[in-house]
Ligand SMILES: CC(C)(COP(=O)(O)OP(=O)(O)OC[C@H]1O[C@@H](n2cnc3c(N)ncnc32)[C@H](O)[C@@H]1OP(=O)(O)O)[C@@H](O)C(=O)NCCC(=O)NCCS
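Consider the single chain below, provided in structure tokens and representing the form predicted alone.
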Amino acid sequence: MDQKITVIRVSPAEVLDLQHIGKATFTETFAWCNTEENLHNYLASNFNTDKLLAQINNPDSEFYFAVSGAEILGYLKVNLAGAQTELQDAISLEIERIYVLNAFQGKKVGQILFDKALQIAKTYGKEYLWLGVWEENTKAIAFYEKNGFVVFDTHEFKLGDEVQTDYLMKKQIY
């Protein structure tokens, strides 16, 4: 990866690329701790083209790829207003997903995607960012804490027949 990393907005025409990076990064991150059946069912439900197209076309959701040349390294999904998964607070922006392929972790890709989310929140005049992160994803929690997030609550995340606990984390902007 000798080229510069850029962040580009995902268009409906790129839904298959989004589906591929979404499934690949989720599998790399969580296959070790979930059954194959639960993982398969989650991916089929959450990364099918119809659902992704509906999200891309939702004016309150935005997807971005981190790219180097023609290679997609990771992606970001942010939600405003009613597209937010939990709080749906008019003064906040939800970071629903920041995922980076394992091969590109440690190369600042996640930081670049986070910085994009922060920029978006500031552009929309939001007072804070929030997100949910699995309580056992210590690497992600450390990343968010380094970027000024603090835990403010928890919620349940269902993956197949398993119920997991996510920390809800918040970062004040203004």
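Source: prediction; values computed, not measured. Just count from 1 along the sequence shown to find any residue number.
Missing here is the form predicted together with this ligand; even so, the following discussion is about that form.
Not one of Ile21, Lys23 and Phe63 is positioned with any heavy atom within 4.5 Å of this ligand in the predicted complex. Lys107 is the sole member of His40, Lys122, Lys51, Lys107 with a non-hydrogen atom lying within 4.5 angstroms of this ligand in the predicted complex.
Contact annotation: of the candidates Val67, Ala140, Leu118, Ile56, the single residue with a non-hydrogen atom within 4.5 angstroms of this ligand in the predicted complex is Ala140. Thr29 belongs to the set of residues with a heavy atom inside 4.5 Å of this ligand in the predicted complex.
Proximity of Leu93 to this ligand in the predicted complex: non-hydrogen atoms within 4.5 Å are absent; the residue sits far from the partner. Contact between Gln111 and this ligand in the predicted complex is found at the 4.5 Å heavy atom cutoff. The closest heavy atom approach of Trp130 to this ligand in the predicted complex falls outside 4.5 Å.
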